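Quick setup: one chain, the form predicted alone, written in structure tokens, and binding and motion questions come after.
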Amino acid sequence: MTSTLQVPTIEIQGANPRRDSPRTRPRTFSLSSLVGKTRRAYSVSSAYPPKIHPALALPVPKSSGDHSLSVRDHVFGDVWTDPRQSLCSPASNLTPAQRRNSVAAASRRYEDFEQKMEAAPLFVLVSTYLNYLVLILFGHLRDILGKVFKRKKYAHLRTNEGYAPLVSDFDSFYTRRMYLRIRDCWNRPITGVPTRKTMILERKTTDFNETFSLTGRKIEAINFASYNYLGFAQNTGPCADAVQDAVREYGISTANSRLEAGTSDLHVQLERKTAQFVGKEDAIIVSMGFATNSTTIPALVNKGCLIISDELNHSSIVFGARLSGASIRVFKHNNMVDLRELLREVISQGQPRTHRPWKKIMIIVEGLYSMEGSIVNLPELIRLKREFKFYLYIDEAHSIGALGENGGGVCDFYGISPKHVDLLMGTFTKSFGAAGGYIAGDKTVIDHLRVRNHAFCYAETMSIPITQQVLTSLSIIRGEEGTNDGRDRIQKLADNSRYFSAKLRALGFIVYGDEGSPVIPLLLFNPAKISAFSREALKRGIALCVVGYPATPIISSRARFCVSSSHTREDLDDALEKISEIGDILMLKFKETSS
């Protein structure tokens, strides 16, 4: 009979008075405050006393092949016990890898996760603003001259025969004068399977990126652009075989919505397995990840309710919050002190004008922020939840499958029971090599969403190939096929992520993201370097995403690397060598190179 290690946990207790003391905010503009904004440290705040609260414990796998979470295994009591009764082995025997995962949550050390944000040199910030200023001035000058000498080209921006222009001159200025000049860095067509390497179809333009034509040449590139975290984007193997068999039996689509004749036994099976995997009672699946957020939030809150949103939440959350009609307040990214102050304010003041109590308060955060690579400070959020009694909604689009020893997301990552999170949202696009999303929660809430969520009621049902792809990849992650393939993929992803980010920092680049995040942003700052970095990377056989305003702050343009478990160490070393060359050419190494 094999022995199992009981899961240590994180205590939920009152916040530290020193950390929660009000901070003085600068009320006037100053250069020092501007520089200070670039020095925020997005790191996991996990330096909590190693005391144990049994209600926050994830279940210990019943066997080596059981890699899933189950709501039936949770300890739902709120009885405080002696922490020593929950420790089965001394913390000194734990490896750093164990401390980083939920098995050793109580022994996790803050320094295992902390990644300080390096400050950008002042001249870089000043030159970035000056570059944007020059772009804006020349853009307006070209518009003025163009409207005089090329009236036909600008006809769509003027009132024509009594019709107002559909496209606003002001709103499209950035697109015309910035994006169009470097449009070749995005929307690059690919062919084949986007695994560790991908094939990019080369394009050319003769009209300054207005149109493109294919040259017929294919470029093989190391793939850091796809969200293929666990490497399930494959055309061979168990997932591909299962999809092929499912298509033969069920066809491609059920050709209807879920509320009518669009539900198959595969959809019901996937909802049940998803709920078990994330540790909730029930779940629904939606055919589009963006719609999962944008149609669920309006079904949960409305006028008289309050949504408190992280300032860096995804646009699907922003869209859903606005669509709901609820009041919206924003707190600083992952800043629990700012969130506490905001909670005190909104609860004491109530609704605008009437000052009546809010019908409900919902805080919406992401598990892993896709542009920052930062992980939500879930332990502190749970502490605030116990104190202020709000609902907690977590978007795990990037964290499900990619974080935690079992791939169970941020709850698994921190060793916190999913019962403390009211709603868990996630997508199947990233770690599962598919598409669509899910919402998991208590059965009463999910039953409500089955008749109120517009994407579930009216949108097309998730197609059969996608459903089977998720089912098979989820089974592999949970170890249901009797192998450790899923666990090995999760561990390799964590190893690759830590190795790649550490090497980039050692080369002298300014890199965002917490340790273990598969999303690794490298700061470019200057707008001219957005296109230069992307083009130089493509020349050297590296496929990646470059990101600028409005997806990021205007001075924080970046290149984003998405690491996969399918990447080999040779792939990473080859890419690091080439990225170092690009960094030297574009002068992106702002720190001294460490040995």
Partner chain sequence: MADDPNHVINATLGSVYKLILAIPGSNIALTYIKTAYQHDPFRIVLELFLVFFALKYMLSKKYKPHDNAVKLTEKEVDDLVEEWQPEPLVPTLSSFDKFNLKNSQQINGPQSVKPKVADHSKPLMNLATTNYLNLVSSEQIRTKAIETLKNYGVGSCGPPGFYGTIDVHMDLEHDIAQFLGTEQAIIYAQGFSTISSVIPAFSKRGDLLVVDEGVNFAVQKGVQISRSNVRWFKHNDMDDLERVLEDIRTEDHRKRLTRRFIVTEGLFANQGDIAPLDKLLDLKKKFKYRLILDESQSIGVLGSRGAGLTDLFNVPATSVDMIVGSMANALCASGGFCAGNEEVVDHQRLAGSAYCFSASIPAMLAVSASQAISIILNQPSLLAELNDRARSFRVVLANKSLEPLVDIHVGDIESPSPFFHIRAKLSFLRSRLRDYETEFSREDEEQLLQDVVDECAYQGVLTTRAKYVYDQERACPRPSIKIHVTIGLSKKENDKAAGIIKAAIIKSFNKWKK
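Positions refer to the first chain, counted from 1. Note that the coordinates shown come from a computational prediction; the quantities given were computed from them, not determined experimentally.
What follows is about the form predicted in complex with its partner chain, which we do not show.
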Open item on the list: Given a 4.5 Å cut-off on heavy atoms, tell me which of 189-197, 520-528, 475-483, 133-141 is the interface stretch with its partner chain in the model of the complex.
Closed with: 189-197
Open item on the list: Can you tell me whether N228 touches its partner chain? I mean in the model of the complex, with a 4.5 angstroms heavy atom cut-off.
Closed with: yes
TODO: Evaluate G146 for contact with its partner chain in the model of the complex, applying a 4.5 angstroms cut-off between non-hydrogen atoms, and reply yes or no.
DONE: no
TODO: Determine whether any heavy atom of T295 comes within 4.5 Å of a heavy atom of its partner chain in the model of the complex, and answer yes or no.
DONE: yes
- [ ] Indicate whether Y129 is a 4.5 Å heavy atom neighbour of its partner chain in the model of the complex.
- [x] no
Open item on the list: Does its partner chain, in the model of the complex, lie within 4.5 angstroms of each residue among N256, S315 and K359, using heavy atoms as the measure?
Closed with: yes
Task: Contact residue in the model of the complex, chosen from R217, K150, R344, K332 - any heavy atom within 4.5 Å of its partner chain - done: R344
- [ ] Select from the listed residues V286, L403, I375, A397 the one whose heavy atoms reach within 4.5 Å of its partner chain in the model of the complex.
- [x] V286
TODO: Between 227-256 and its partner chain in the model of the complex, list the residues on our side with a heavy atom within 4.5 Å.
DONE: Y227, N228, A233, Q234, N235, A240, V243, Q244, V247, R248, E249, Y250, G251, I252, S253, T254, A255, N256
